[in-house]
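Below, in structure tokens: the form predicted on its own, a single chain.
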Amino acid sequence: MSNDFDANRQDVERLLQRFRDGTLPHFINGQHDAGRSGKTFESLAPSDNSVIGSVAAGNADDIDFACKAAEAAFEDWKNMPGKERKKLLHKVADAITARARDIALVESYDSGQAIRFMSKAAIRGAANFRFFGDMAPGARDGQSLPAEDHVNYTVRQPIGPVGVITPWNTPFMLSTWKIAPALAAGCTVVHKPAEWSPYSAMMLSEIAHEAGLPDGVLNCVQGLGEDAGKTLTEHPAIKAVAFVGETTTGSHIMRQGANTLKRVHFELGGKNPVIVFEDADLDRALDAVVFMIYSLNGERCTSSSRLLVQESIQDEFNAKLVERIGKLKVGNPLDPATEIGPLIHDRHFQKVCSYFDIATEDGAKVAAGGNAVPIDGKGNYVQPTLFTGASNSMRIAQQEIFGPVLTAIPFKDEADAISIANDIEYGLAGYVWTNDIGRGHRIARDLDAGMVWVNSENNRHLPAPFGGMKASGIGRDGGDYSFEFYMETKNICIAMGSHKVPQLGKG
């Protein structure tokens, strides 16, 4: 074991000691809050399923207290000049950068994600705050729409307190992806993080408070989805809910928010195709295919979990893929050499492992991996896996496995590739590898996906829209698209005094 690995383990113990000695609380109205339920739940380390610590299990009273704090803080935050919000959000970004290593270590240990990826995730979180902080001064800007006798112009105003419910995979970065634009727009926030990876949410709340964010502007309530999450989506003070997670949960949230007519923004599941044509740069395509399914343990919504490879090259490409998979390093997430860490939770681990038998039952071949690989008999570790000989109708091709598991499906030609790619309930992302520029444009046009990358892995551009079609979501994140969700657009019409006003009652 390397010295870096030992240092990482020692530093994680130091960082988590205060939580091991007590219960991870909520953060409401600018301070730690033990909660009102008196109930807790245990948070487990994916590397060995040992108990990290106990976490406050928020209930309806906790959510209500946080929502009222956000409601009370809203007017002052909304009316703060955008340039002042920008300064505060930049201070938050600076503080995140200063503590990036601490955030990465805690999140790696808490979520099972390899430290090589989490170190970058913390920096990306800071970038989100800087980017949207820069947009805050112009968040209310609208359009001038002159007519013959009137001038119309639009302005935007923040919608009000919002609920943000974030997932357990890369939780810190994804939290900032939602929270930063909400704050920049002038909204206050009640954040409910995933119960399987709760610690970095508390770090974000503390960092934001220490950076000068006013009390009540960002609140964090820990808890379970069926209790704290449900109450948040139903609370009348919350005007909108931004959620990242499973498609089924998204439909529940939509129903729960219906009575209060909540605006919803969903980033949901995906079963994304990567389409490799025979004319592609196969070495670059191979790099991208391996990276986009096996990085982050395959626990990412944009992972390319269906490999559509042209029949003429499938044997060659799959053989190279098997060779690369065999060299991937599975290990402790705090080890800098690790490429694939343990899955987040035993329940999810059991789900992913169930697909090893499902694949053979449906007639596919396990070409690589296909086994659990506990370390010293412990942990939610699985081998990176490749299924070949699959058809798109199989469960391994239709269902979101959300692990380091890839299903390879052959296709004949362009029309066949599009047909297979679109024959799915999801529509989040798609990836195309071809050196025919016309084909790249045609495939991108015809894919039922909210985002398409041609000759590239997932590359995030902050001003660009991020979101999916079909069962993969509602709405878009990124740039001004985020403000469309967190703000209301108002039209104001001013008459020039030159038009004829209709007259009634004059005989």
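Heads up: residue numbers just count along the shown sequence, starting at 1. Because the structure is predicted, anything quoted here is derived from the model rather than measured.
There is another form of this protein, the form predicted together with a small molecule, and it is not shown here; the text below is about that form.
Peer 1: I need to confirm a contact call. Of Phe243, Phe387, Phe129, Tyr431, which residue comes within 4.5 Å of the small molecule in the predicted bound form, counting heavy atoms only?
Peer 2: None of the others qualify; the residue that does is Phe243.
Peer 1: I need to confirm a contact call. Of Val106, Leu204, Cys301, Ala185, which residue comes within 4.5 Å of the small molecule in the predicted bound form, counting heavy atoms only?
Peer 2: Looking at Val106, Leu204, Cys301, Ala185 one by one, just Cys301 meets the 4.5 Å heavy-atom criterion.
Peer 1: Does at least one non-hydrogen atom of Gln256 fall within 4.5 angstroms of the small molecule in the predicted bound form?
Peer 2: Heavy-atom contact with the small molecule at 4.5 Å: present for Gln256.
Peer 1: Using 4.5 Å between non-hydrogen atoms, is Ser472 touching the small molecule in the predicted bound form?
Peer 2: Within the cut-off, so yes.
Peer 1: Can Lys192 be called a contact residue for the small molecule in the predicted bound form at 4.5 Å between heavy atoms?
Peer 2: Yes, contact at 4.5 Å.
Peer 1: With a cut-off of 4.5 Å between heavy atoms, is Glu400 one of the residues that contacts the small molecule in the predicted bound form?
Peer 2: So Glu400 counts as contacting the small molecule.
Peer 1: Heavy atoms within 4.5 Å of the small molecule in the predicted bound form: which of the stretches 329 to 337, 119 to 127, 218 to 226, 368 to 376 has them?
Peer 2: One stretch meets the cut-off, namely 218 to 226.
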